[in-house]
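Just the one chain here, the form predicted on its own, laid out as structure tokens.
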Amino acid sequence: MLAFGLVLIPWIGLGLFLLPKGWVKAGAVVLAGVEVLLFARALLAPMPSSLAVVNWNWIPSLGVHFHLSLDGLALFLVGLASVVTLAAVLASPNKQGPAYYFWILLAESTAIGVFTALDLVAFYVFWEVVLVPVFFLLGGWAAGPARRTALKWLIMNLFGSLFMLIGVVAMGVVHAQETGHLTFQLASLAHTTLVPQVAPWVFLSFLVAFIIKAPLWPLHGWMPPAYSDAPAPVTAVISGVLSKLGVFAMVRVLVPLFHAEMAQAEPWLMALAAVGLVYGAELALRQKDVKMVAAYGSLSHMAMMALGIFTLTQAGLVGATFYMVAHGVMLGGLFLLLGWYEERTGSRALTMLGGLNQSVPKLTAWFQIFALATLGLPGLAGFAGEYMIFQGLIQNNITVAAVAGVILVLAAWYMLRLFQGAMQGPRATGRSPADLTTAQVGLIGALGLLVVVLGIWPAGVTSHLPVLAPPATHALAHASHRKGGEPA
């Protein structure tokens, strides 16, 4: 029941509307804190545990189950969602009303639903519902043209969801035709044989939806305005948690259901991710807005995760999954720091600032730690994931591995440019802003501790992950069935 509790608890946030205004944030903190405690309970429970699984016969006539599981693949991503959400709530201004906190909590609930769902219809329902809280957060609290930003998020993701719905229905129908039993359980669908004329199109329907949600180049159009205009805590949730839904879905859905199609399309998938890797890094180097440097850097990092997945190797898939967790903590903390930076300086223009390290030494120190983690410094969280992804790339495609190696140099360049431009060099203004408060230091310090722990003990996460790459014999047999032949 832990899995169901993690999905259900944030909905109690509806009660925030009944609280006096001064108690609203405290109520949201309590609910987000309970989520962290439930994750800790799941982490300490022996696996497999009946506490971590829910499997109810939801719509019997359609073969739909409400099947949630805190398995090894989902466990730490659920932890990521709970930790980043709690950090975002704590970092939010006290003046925010109940609607703001409810939508953040609902975003957490739906993200956890996606991470834990083992039925394709349940997966799709959570996938769709996550659009609602983000739409209202962007429409109600984003700066600039908030309505346009929210509509762009909604329309692009609805476009992808339409394709995904076609794929979901197709998988259920084909499985029913083969077996006489209608089900959407992922474990059962993994053994479904799609005819060669249909398989690529069903695979593409899922891939488009996942690329948009991640986002990955070239279907990332909603990302720049959303990351730029949203309040820093909301950006931390979107970039740290919700952006992982797309790449997580590739591991959860594409690898087991469409391994043969992914192997066949591997050169094209690698090229797509490699272009996104270069594109994001190149644009990050050109930005003069500190928040957009981090945003386009994140776009490049998402492409790195996709590269790991597209290798279809154990090292690449484990590395990408670990990097989702590490990247979520790093980017969540970095966007919170950039939000505090903007509050103190009144600007996000990199060229207008600088030389603030003496005025805000605490902010400078934590900014430096998260910048170094994001560029992949050994001993911090970003390095271990990139190292495992490179292992998979070298096994699979040495040319793409070389391109990714060059991009790591650019990543160091744009992150150091961001830190030095904002904090070091000659003083660009005579203002002396206030440093981080004790509460802010405690919050960012907790995230910083996670960055260090993940960096020096990645096995704490990777040891829980299942074998993600199918054995060679199974992959060959699966591909042979899709071609209509006999297993090799």
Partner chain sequence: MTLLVEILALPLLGAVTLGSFKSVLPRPLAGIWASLLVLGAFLLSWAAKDRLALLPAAHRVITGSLWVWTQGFGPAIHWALYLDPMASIWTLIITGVGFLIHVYSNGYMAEDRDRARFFAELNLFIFSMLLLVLAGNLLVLLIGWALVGLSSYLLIGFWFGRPSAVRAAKKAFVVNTLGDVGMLVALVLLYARFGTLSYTGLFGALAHSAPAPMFYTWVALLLYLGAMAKSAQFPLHIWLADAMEGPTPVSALIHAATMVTAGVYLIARLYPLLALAPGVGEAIAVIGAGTALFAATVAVFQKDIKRALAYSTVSQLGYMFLAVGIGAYVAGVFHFMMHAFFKALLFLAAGSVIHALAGEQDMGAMGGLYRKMPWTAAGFLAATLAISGIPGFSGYFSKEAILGQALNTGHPWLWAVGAFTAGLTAFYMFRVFFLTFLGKPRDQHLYEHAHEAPWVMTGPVVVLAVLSVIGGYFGTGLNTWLTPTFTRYAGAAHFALEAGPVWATAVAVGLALVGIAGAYRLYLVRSMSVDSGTERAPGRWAAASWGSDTAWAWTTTLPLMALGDWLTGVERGFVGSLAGVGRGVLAWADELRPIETGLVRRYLLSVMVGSVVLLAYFLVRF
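Note that the coordinates shown come from a computational prediction; the quantities given were computed from them, not determined experimentally. Positions refer to the first chain, counted from 1.
Heads up, the form predicted together with the partner chain isn't pictured, but that's what we're talking about next.
Highlighted residues Arg41, Val208 and Leu338: none comes within 4.5 Å of the partner chain in the model of the complex, counting any heavy atom. For the partner chain in the model of the complex, the listed stretch (84-92, 196-204, 246-254, 376-384) containing residues with heavy atoms inside 4.5 Å is 376-384. Although the partner is absent here, Gly27 sits far enough away that none of its heavy atoms falls within 4.5 Å of the partner chain in the model of the complex. The closest heavy atom approach of Tyr296 to the partner chain in the model of the complex falls within 4.5 Å. Using a 4.5 Å cutoff between non-hydrogen atoms, Ala190 does not count as a contact of the partner chain in the model of the complex. Glu342 falls outside the set of residues with a heavy atom inside 4.5 Å of the partner chain in the model of the complex. Only one of Leu186, Ala146, Leu154, Ala271 comes within 4.5 Å of the partner chain in the model of the complex through a heavy atom, and that residue is Leu154. Taking a 4.5 Å heavy atom cutoff to the partner chain in the model of the complex, the contact residue among Pro267, Gly97, Gly346, Pro218 is Pro218. For the stretch 108-134, the set of residues having any non-hydrogen atom within 4.5 angstroms of the partner chain in the model of the complex comprises Tyr124, Glu128, Val132, in sequence order.
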